[in-house]
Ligand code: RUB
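Quick setup: one chain, the form predicted alone, written in structure tokens, and binding and motion questions come after.
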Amino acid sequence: MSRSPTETAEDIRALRIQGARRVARAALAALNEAAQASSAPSKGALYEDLLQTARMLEETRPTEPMMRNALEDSLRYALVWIRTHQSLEPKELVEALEQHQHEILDEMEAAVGTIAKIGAAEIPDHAAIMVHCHSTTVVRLLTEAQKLGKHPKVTCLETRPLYQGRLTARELAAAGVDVRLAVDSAAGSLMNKMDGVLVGADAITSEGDLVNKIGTYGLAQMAHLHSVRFLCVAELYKYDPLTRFKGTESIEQRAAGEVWGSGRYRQEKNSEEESRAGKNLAHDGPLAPLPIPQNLKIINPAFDRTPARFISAYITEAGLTPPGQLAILAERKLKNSPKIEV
């Protein structure tokens, strides 16, 4: 059963849909759903419906340039199609738009496959690699390296809040990769044992800076201090063209409950009465959630920005790319789309 564009937008906003490529895929499906459901009497009116839906979807997550680029690509396609097919009806635009969206998704999937092959070639045999958060592209790259017989030894950081690093660890373990899990605060003590750090990307700026899961900036600094190669694995669609005029990438502040959690530590008391009762918290079974104390403010930025100078290179579908050249390649890719046969 298909979901309405409004339902999809809410799922993206509430993080029920995560991962840049999954979010982009869901947004494109929602745009296609809006096109099919539209009763617009003309192609121009249909375009207005698409524009409103795209804007609603884009507003759900400020740090999702891949979704924005995919939606903007579709909107440009629709506009050019209207201008070059003036004799055709709105329903034919809907069909053309659906076909174009399939092409976008195929291109995204092909890009990941190319990146995995390029990146796997960069991994030395038996290399010790540290990863942060969860990136399907990073997992694909390391799995490809394993298939090539390079047998990387991967350390996943748990990646608080929400522990996305555990997902990476499970997927790599299932693929037969030698993988271990460490708490985020252990990264500094382990860095001098690493041959490289691999991370994904949520956004890339025109200056080559990386916006990624909170904690990436600190890892990049540690890698730089220990002369460890720091590589970002990302499709060119992660580039944010809005930053080319000195615009800044928004950093989402997420819910305090993500940091505080739903449980409590054994040594924490839930009330003065519990403390006076002298309960043995270590043996009393499950504990009720401890509410956030009054007047306690929790800071929960979802991402941080890593300056280009700390990034050894980006691994993209265009090859191993220095941070200073990524914007050029990405702008070229965005400019070359859409392609319409008249």
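From 1 onward, residues are counted along the sequence shown. Keep in mind that this is a model prediction, so the values were computed, not measured.
In what follows, reference is made to the form predicted together with the ligand, a form of this protein that is not presented.
Peer 1: Within 4.5 Å, heavy atoms only, which of 71, 133, 78, 223 is in contact with the ligand in the predicted bound form?
Peer 2: Contact check passes for 133.
Peer 1: Please identify, from 169 to 177, 82 to 90, 134 to 142, 184 to 192, the stretch that has a heavy atom within 4.5 Å of the ligand in the predicted bound form.
Peer 2: That would be 134 to 142.
Peer 1: Could you tell me if residue 156 has a non-hydrogen atom within 4.5 Å of the ligand in the predicted bound form?
Peer 2: Result no; residue 156 lies far from the ligand in the predicted bound form.
Peer 1: Answer yes if any heavy atom of residue 202 is within 4.5 Å of a heavy atom of the ligand in the predicted bound form; otherwise answer no.
Peer 2: Residue 202 belongs to the contact set for the ligand.
Peer 1: Can you tell me whether residue 318 touches the ligand? I mean in the predicted bound form, with a 4.5 angstroms heavy atom cut-off.
Peer 2: Residue-level check for residue 318: no, no contact with the ligand.
Peer 1: Quick check on residue 327: any heavy atom within 4.5 Å of the ligand in the predicted bound form?
Peer 2: Contact check for residue 327: no, nothing within 4.5 Å of the ligand in the predicted bound form.
Peer 1: Which residues within 303 to 318 place at least one heavy atom within 4.5 Å of the ligand in the predicted bound form?
Peer 2: Just 303.
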